[in-house]
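Presented as structure tokens, the chain that follows is alone, the form predicted alone.
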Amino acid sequence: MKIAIMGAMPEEIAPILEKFESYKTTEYAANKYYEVNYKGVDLVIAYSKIGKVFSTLTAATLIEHFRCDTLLFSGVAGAISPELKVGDLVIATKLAQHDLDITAFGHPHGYVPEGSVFVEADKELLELGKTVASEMTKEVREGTIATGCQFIADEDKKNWIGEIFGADALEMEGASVAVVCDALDVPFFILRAISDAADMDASFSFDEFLETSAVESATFIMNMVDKLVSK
């Protein structure tokens, strides 16, 4: 087993790297990949940079170049569902690209020929995630995540994405990672911490939230790794 651990920003993988005394740094395809052996299992840790193109490149590299056979992703997302609050954790059950649009040719939003609107996450990893959440006494929601190369700040656009895709949250990398993993038959797990929602107030600091949520997400992801190692 060789496990990929991925985020979009350096802040999202920093707390994971801090758990190890040393690791090997490999520079490849204009990025850095951090390799470490943990309890007899090889891990490759990387952040992709923001957006679908970079996350596609990084996920494909982790699988094809580093030969990872499982991928765990951790990051932040914006809420669409009014039930989600800042700080909530969401596990993606399926993902779609909300900015993929060839509706002019009669296709639904998010669809291209020989593709599908949604990519479903690995069911075994979903169950493992729920077990980890229970053991951490942490409430984690399951939901549909919409991905696009746009930071959505418009309420009407956000509501449209929720209506069209039945999405609970939105971000900028998950669905592209899911497409890569699905095409290459690699199970994946995507965990998101809600960074903005309807309950926000003026005292909210994204930088502070990113730091605290990254630590919490790192703990969750490493507990997932422990479960995978012990299987």
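Please read all numbers here as calculations on a predicted model, not as lab measurements. Residue numbers here begin at 1 and follow the sequence given.
Just so it is clear, the following notes concern the form predicted in complex with a small molecule, a form of the same protein that is not shown.
Across the proposed site, 5, 38 and 225 without exception lack any heavy atom within 4.5 Å of the small molecule in the predicted bound form. For the small molecule in the predicted bound form, the listed stretch (86-94, 143-151, 114-122, 127-135) containing residues with heavy atoms inside 4.5 Å is 143-151. By the criterion of a heavy atom within 4.5 Å, residue 77 is counted among the residues contacting the small molecule in the predicted bound form. Contact check for residue 28: every heavy atom lies farther than 4.5 Å from the small molecule in the predicted bound form. A residue is said to contact a partner when one of its heavy atoms sits within 4.5 Å of a partner heavy atom; residue 70 fails this definition for the small molecule in the predicted bound form, lying far away. With a 4.5 Å cutoff on heavy atoms, residue 53 does not count as touching the small molecule in the predicted bound form; it lies far away.
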